[in-house]
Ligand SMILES: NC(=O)c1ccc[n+]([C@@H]2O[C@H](COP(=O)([O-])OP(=O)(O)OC[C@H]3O[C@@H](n4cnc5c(N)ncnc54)[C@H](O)[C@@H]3O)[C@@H](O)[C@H]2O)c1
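One chain follows as structure tokens, the form predicted alone.
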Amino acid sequence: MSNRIQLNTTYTNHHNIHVGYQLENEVNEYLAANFGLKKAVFIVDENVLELYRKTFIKEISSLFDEPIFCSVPEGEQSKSLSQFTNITDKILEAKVERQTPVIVIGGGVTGDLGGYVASSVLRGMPLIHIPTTLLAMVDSSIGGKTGVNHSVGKNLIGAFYEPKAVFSDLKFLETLPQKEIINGLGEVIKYGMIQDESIFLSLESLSLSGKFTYSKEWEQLVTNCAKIKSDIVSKDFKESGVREILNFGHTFAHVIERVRGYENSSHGEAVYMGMWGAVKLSNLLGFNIDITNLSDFRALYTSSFEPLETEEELANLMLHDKKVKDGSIRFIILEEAGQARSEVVKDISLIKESWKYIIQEFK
């Protein structure tokens, strides 16, 4: 039996986030109870489809008379309008109905793309997320953000669209490369920075090297992170207030991803680097934030960031971020450990100094 987190917003009555191990039966029970069993759309990461075609995916797709499979190639380049068009063409040609469920199985790229498809086709089809990466389980599958990238920037085309349910089965993490566990830890660490320092104590008790091994401690950590995000989202679904704190480190991270190339950059790693900049900026604004909780994980993040751009050029690239307001850049800063808030920063020299700090640490 999974842990269940109920997410309530003003936009839907509620949906449950299920976190557990080997959830095939729970998924089947949910699908059989809530949908007709003629057709279902399965939008699946290509690697996950290959690994689980004869087990988990066969188990849940066999419920339906006409399962429609759409395979999503690996990598951030799949979060594109061309891939969106390919999938919508296939779904519409299959003559789906508005109540045909869209079951999205994969990591953040597949989840964002599949969620946007579900939000758009027939003006909205029921969406079920089955995240298969740590990052997707603790972050991207929760909260209804969907979308694709544009050459101008990341996640600039999309919609807020809530899933009907999320099933986070930690069984998938057993076949996840270690680099993807570290990718997901970037978002886990973020929750510790912005709200709950006890997360760092939980991480100390887990083995963060080698192959993922299921434990109740891991299950509780994923549940706690999902609970933090769902609590914040329930207060501010469309990110007009408190939900902004979930972007801690992301204003820097989105530029890092763009400069390094989406296909070459791990989101969690970019967020980890970005949090160094956010802590530096917080301190430049007069606060006294200890870097220790971040620096304790420095050895896990081995990629360098040596951009050709200057600090000034990197700061200017931030003007394409969605969080720009009236030409000024909004950042999430820390007033103290676990206390985050939004701040509009007009002094470009502070932003450049924060970029310099990131470059020096990760060169």
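The model shown is predicted, which means the values in this text are computed figures rather than measured ones. Note that residue numbering follows the sequence shown and begins at 1. Between two forms, the rigid core is the largest collection of C-alphas that superpose within 1.5 Å.
There is another form of the same protein, the form predicted in complex with this ligand; it is not shown, and what comes next is about it.
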Are all three of L51, G107 and S140 close to this ligand in the model of the complex, meaning a heavy atom of each within 4.5 Å?
yes
Any idea which of 83-91, 217-225, 195-203, 175-183 reaches within 4.5 Å of this ligand in the model of the complex, heavy atoms considered?
175-183
Which residue among L127, L281, I189, L135 has a heavy atom within 4.5 angstroms of this ligand in the model of the complex?
L135
Any non-hydrogen atom of S61 within 4.5 angstroms of this ligand in the model of the complex
no
Does this ligand come within 4.5 Å of any heavy atom of E74 in the model of the complex?
yes
In the model of the complex, does N155 have a heavy atom within 4.5 Å of this ligand?
yes
Please run the contact check for E269 against this ligand in the model of the complex: heavy atoms, 4.5 angstroms, yes or no?
no
Residues in 298-314 close to this ligand in the model of the complex, defined by a heavy atom within 4.5 Å, in order
none
Aligned on the rigid core, do the two forms place the Cα of P126 2 Å or more apart, comparing between the shown form and the other one?
no
